[in-house]
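Two separate entries follow, structure 1 and structure 2, each one form of the same protein chain as structure tokens.
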Structure 1
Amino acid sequence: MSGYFKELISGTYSLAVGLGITIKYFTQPVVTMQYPMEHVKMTPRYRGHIELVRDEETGASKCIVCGMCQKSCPSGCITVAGKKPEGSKKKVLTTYRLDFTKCSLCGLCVESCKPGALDFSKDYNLASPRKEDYIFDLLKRLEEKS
């Protein structure tokens, strides 16, 4: 019988301790972020969807159309195409399509790109009800950004 009361007292005490903790936290400042009003700043290494990098000298993309990114992508979501303009030795990028619906944001494409023509964007507010909105034309995005 004494065990019963002992448990009753220690049990009630444990509940009071717990309540004390919650009351203490109740008076402390809010730790959550009020998301749509406030925005998170992405860290430099944040992996958003990929983006073409501009070559500061020429103003065009750094891409040499080697196709390594397309080959290394596990999800097969990159399509690159280029052509050789008349009298030039280097290929020029004509299409860079990213199917973001399939992209797993692994970053293998960025790693495999020798000239450093790819980078991660810091966009994360990418909501849309339509699938087509996620087929990105990265070349167009690059032009639009300038």
Structure 2
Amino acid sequence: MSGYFKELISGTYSLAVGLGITIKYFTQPVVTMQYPMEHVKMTPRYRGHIELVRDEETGASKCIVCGMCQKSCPSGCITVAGKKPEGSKKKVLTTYRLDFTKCSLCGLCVESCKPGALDFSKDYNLASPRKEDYIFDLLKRLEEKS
């Protein structure tokens, strides 16, 4: 019979300790975010997928179609194409494709870009069941932002 009371007292004690912890945290502010309505503020050093940087003077991309980003990418996820218009000295970017399913976010493409035409985006909420949604046309995305 003494084992019964001993177990009853230890169970009541553990219940009181658990309720004490619950009451303590019940009175503190909530730290949970309501995800679809609230978004996390991204830190300045967050590295999402790459994006093209706009030239302030011309409004076009800073990319000079040198292909260094494509050559330095170990995953082979970048495809760059350009053409040289007649009478112009420089190439013009026509296609910049990023296959984010292959990208390892190593940042070698951003480091190797001498004109500073690439930077990391702040996009973090990338979710889709389709592979095609992760193949980005970065030139088209840059034009849509303007």
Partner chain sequence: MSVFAESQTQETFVVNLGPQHPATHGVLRVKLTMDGEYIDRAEPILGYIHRMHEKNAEVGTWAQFMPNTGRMDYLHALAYNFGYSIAVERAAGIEVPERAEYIRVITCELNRISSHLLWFGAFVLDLGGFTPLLYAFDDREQLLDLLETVTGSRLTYCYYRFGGLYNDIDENFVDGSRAFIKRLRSRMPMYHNLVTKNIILMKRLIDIGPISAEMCRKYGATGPVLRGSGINFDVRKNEPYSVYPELDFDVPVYSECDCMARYMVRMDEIDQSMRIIEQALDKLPDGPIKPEKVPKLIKPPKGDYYAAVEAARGTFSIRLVSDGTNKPYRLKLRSPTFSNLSLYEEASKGMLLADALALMGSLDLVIPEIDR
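For clarity, every value in this text was computed on a predicted model and none was experimentally measured. Basically, rigid core = biggest C-alpha set you can superpose within 1.5 Å across the two forms. Throughout, residue numbering runs from 1 along the sequence of structure 1.
Asker: Between 1 and 2, where do we have the form predicted alone?
Answerer: The form predicted alone is the one given as structure 2; the other form is structure 1.
Asker: Hey, with one rigid portion rotating against the other between structure 1 and structure 2, which of 103, 40, 114, 53 would you call the hinge?
Answerer: Comparing the two forms, the hinge residue turns out to be 40.
Asker: Which angle, in degrees, describes the smaller rigid part turning against the larger between structure 1 and structure 2?
Answerer: Rigid-part rotation, C-alpha based: 32 degrees.
Asker: How many Å does the Cα of residue 23 travel between structure 1 and structure 2 when the structures are matched on their rigid core?
Answerer: Displacement of the C-alpha, rigid core superposed: 8.2 Å.
Asker: Upon rigid core superposition, what is the positional shift of the Cα of residue 35 between structure 1 and structure 2, expressed in Å to one decimal?
Answerer: With the rigid core fitted, the alpha carbon of residue 35 is displaced 3.7 Å between structure 1 and structure 2.
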